[in-house]
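Quick setup: one chain, the form predicted alone, written in C-alpha cells, and binding and motion questions come after.
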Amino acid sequence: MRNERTASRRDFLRNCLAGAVGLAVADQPVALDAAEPVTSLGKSRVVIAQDAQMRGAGTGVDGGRVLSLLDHAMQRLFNARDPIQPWIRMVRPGQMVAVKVNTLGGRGLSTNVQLVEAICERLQAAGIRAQDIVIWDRDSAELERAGFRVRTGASQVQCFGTDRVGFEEDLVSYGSVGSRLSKILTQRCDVLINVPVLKDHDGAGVSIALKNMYGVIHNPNKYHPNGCDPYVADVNMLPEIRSRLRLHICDATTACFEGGPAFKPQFAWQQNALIISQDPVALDTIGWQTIERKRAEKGLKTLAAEDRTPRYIATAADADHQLGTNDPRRIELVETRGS
C-alpha cells in the first residue's frame, strides 16, 4: 500500500500532526444510513484486523502498515473490492465529516495519529475536501499532548477541541441524560466517525466505542455513578449523535487491561489491531471480551468479580435503546491478519 500514499498524506502530516512522529453498488454510490449497519444473515459484523509487524523493530506504529490494515479491515467489513468503496458508501462530496478521537491517555494511550491520518486520506479519496474534515476531542491541549497539532486554517484538515468553539446553549435530553452538545458536532458535522481506544475503565469497566461519546457532552462527570449505567446508553440515544454516526474504528494498537482510563504503562499491551464495526454495542462486547482475556492472562480477576461489569453495554442493547446487539449469536466476528 506504500505506493498509494499521496500528497494529501504529506500535507496532512505537515499541517495536522505534531512531531516526526465495498461493497459494489449499482451505478451511483449511496451513503449508508446510521441506523443500517452492515449485516450478514441478520448479524452485526465486527472485524478484528491484526498486524504483528505493525511496529517493525521500533516502538511506534508504521503509518504505511496502519493504512494497509485499515484498508484490509474496511474491505472485510463492507465486502468491498477496493479500499475506497467503503468510504464512498458512507460519505458524499460536500458533506462535513467529524472524526471523534480519544486523547485522554496522552501519547501512551490515545487514538493513534497515523490511524487518523489514514482515515483522513481515505475520506479525501472518497471526495471529501480536506477543509471539510475535522479531527476533534474535548480539549485542544489534550489533542496536542496526544500528538496532534491544532490547526484551523483554510484548505486543510482541521484539528481542534470543543474548547475552541464551545457547547450549544440549549440542553438536549434522553432518559436520564440532559446535556449541551459540542458545536463541532452540531455545526460542523454531517457524518460522525468514532475512533476510540480499547481500554479498561476504573468505574465503567471498559471504555470503548459507546463511552467515547462522553467527549461530545458538556457534563460527562455527572454521568459516572452506577458504572455509567444507563447514562452511556442514553447519551448515545441523543438524536444529534445517533443520526450522524456512521462507523466505529477502535484503535487497539496499544490497549489497556487495568488501571484505565489513564495511561499506566504496566497495564498496557501492544495488541497491534483495529476493531471495526457499524454496531457500537457489538464492538464493545467484543472489546470487553478481549480485555477480559488479557486480564485472565495476567492473573487478574474478571471485571464482574471486581464489581465493574460494564452493564451499560446490555442497556444499550435493550428494547428501550436498540443501539446494537450484545448477543454473541447475533454477532458475526471476522478475525483477519494484515500483511
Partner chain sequence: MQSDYSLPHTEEPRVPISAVKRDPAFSALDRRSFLMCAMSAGAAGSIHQLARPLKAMPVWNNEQKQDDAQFTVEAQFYQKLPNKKVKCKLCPRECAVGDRERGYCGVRENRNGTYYSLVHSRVCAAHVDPIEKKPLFHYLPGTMAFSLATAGCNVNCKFCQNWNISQARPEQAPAQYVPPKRVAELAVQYRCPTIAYTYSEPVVFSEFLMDAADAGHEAGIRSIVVSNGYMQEEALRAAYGKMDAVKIDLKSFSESYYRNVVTGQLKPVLDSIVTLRKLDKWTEIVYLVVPTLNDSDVEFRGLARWVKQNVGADVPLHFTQFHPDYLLKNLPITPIPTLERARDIALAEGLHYVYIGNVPGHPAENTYCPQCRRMLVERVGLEIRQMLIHKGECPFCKHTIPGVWHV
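Residue numbers count along the first chain shown, from 1. These numbers were taken from a predicted model, which means no experiment stands behind them.
Quick note: we don't show the form predicted together with its partner chain, though the next part is all about it.
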**Message:** For its partner chain, considered in the predicted complex: do all three of Leu67, Trp87 and Gly153 come within 4.5 Å of it, counting heavy atoms only?
**Reply:** no
**Asked** Which residue among Gly166, Gly108, Pro239, Pro93 has a heavy atom within 4.5 angstroms of its partner chain in the predicted complex?
**Response** Gly166
**Asked** Exactly one of Phe257, Phe160, Phe78, Tyr223 has a non-hydrogen atom within 4.5 Å of its partner chain in the predicted complex; which residue is it?
**Response** Tyr223
**Request:** Spot the stretch among 223-231, 93-101, 78-86, 113-121 with residues whose non-hydrogen atoms come within 4.5 Å of its partner chain in the predicted complex.
**Result:** 223-231
**Item:** Heavy atom of Gln131 within 4.5 Å of its partner chain in the predicted complex
**Value:** no
**4.5 Å heavy atom contact, Phe267 to its partner chain in the predicted complex** = yes
**Item:** Residue contact check: Gly178 to its partner chain in the predicted complex, 4.5 Å heavy atom
**Value:** yes
**Message:** Given that its partner chain is not shown alongside this chain, does Glu144 nevertheless sit within 4.5 Å of it in the predicted complex, heavy atom to heavy atom?
**Reply:** no
**Request:** Pull the contact list for 296-322: residues with a heavy atom within 4.5 Å of its partner chain in the predicted complex, in sequence order.
**Result:** none
